[in-house]
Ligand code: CP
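First, one chain by itself: the form predicted alone, in C-alpha cells.
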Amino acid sequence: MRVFQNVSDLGDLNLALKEAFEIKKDRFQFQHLGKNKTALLIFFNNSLRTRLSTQKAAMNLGMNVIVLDVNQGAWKLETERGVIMDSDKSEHLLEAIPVMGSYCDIIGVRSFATFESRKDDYEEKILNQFIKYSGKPVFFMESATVHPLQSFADLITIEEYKKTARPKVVLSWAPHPKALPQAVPNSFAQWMNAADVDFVITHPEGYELDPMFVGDAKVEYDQMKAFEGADFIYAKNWSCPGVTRPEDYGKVLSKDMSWTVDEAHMAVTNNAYFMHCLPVRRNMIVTDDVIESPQSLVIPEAANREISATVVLKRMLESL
C-alpha cells in the first residue's frame, strides 16, 4: 500500500478488521518490519490523538519516528506555484518535500482545510504534492477532506461493541462556535457506506455533505426521527460544505442548540452508544450526562486510533 487516503485503499474491509483485532491482541508482533525504518510525521495543524497514536503505532512496529511541527521550529512553507516569494515564507514545499523524503521511509501528513477555496481543499493540493514529489508511501493523518485513520478506528470500535449483525449507525451534525472542516464526517460516511451497517446522516438544511462521500446513505433532516432505533450515534460538527451554494463553503450557517445530543435524544434510540472523534465541546456537541454515561465510547474509540494506525503502517512497511 503506497497511499492511505480512502477506505478502498485497504482492500477487503473484513480482512482489515480481522487484522486489526489480531494486532490488538499483540500489537508488538510485527516489530521486525520496522527495524531500521523511519516514519516522518508532518503536522501543519495541531494534534493530540493523531500525533500520540501514530507515534505509538510506529514504535509498536519497531520504527524510528521523526515528528515535524511545520508551524513551530521549521521554515514557513510556500505551497503555491508561481508566487514571488518576497513574504515571510522562506522555503517552497516543492523543495521541502523531496528533502523530507530523503530522511525517511514512510510519510504521514496532517493538513486541514483552509476554507479559502473549496476547489483547492477538495483537490487535496498539499497532500497530493507529497504523494507526487516525496518518492515515499504517504498516509493521511487528516487532510482537507478526509480523516481515514479516525474512521478506521471508528469502524473497529463499532465492530467491537455492536449487538446486532447490522446495526443502525447515525451521523449527526451538532452545533459548534467555530467553522470546522468536513474531513471527519466525510470519512465516516465513506467508511460506513463500505461497512455492513444501516447508515443514516442527519443535519440541518444547507449542511449537505459532498455526494461522493454520502453515497447511498439515507439523509434525514429531522434529527429525532433519525435517532429512532439507532444503535450508534456519532455526533460531529461540520461547516457548510458548499455543495449547493459554493459561496457558503466553510461558513457557520447554524448554531441551533436543539441539535445538541442530550438524554432526550438518546432516549429514542435503541440504548445507543455515543461516539465522537474528540476533542469535543461539551454542552454544545453533547451534554455532560451523555458523554459521561456508560454508553459513551469516546475513550475506547480514541484508544483504537493506535490500532488503526498500526494496521496502516504495517501494510505500508510490507510494501517497501
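None of these values were measured; they are calculated from a predicted model. Start at 1 with the first residue shown and count on from there.
The same protein also has a form predicted together with the named molecule, omitted here; what follows describes it.
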property: Contact test in the model of the complex: Cys277 vs the named molecule, heavy atoms, 4.5 Å; result: yes
property: Residue contact check: Thr38 to the named molecule in the model of the complex, 4.5 Å heavy atom; result: no
property: Ser254, heavy atom within 4.5 angstroms of the named molecule in the model of the complex; result: no
property: Contact of Arg27 with the named molecule in the model of the complex (heavy atom, 4.5 Å); result: no
property: Interface segment, criterion being heavy atoms within 4.5 Å of the named molecule in the model of the complex, picked from 64-72, 46-54, 262-270, 29-37; result: 46-54
property: Partner-contacting position among Lys136, Lys168, His203, Arg110 - heavy atom within 4.5 Å of the named molecule in the model of the complex; result: Arg110
property: In the model of the complex: members of 124-158 within 4.5 Å of the named molecule, any heavy atom; result: His147, Gln150
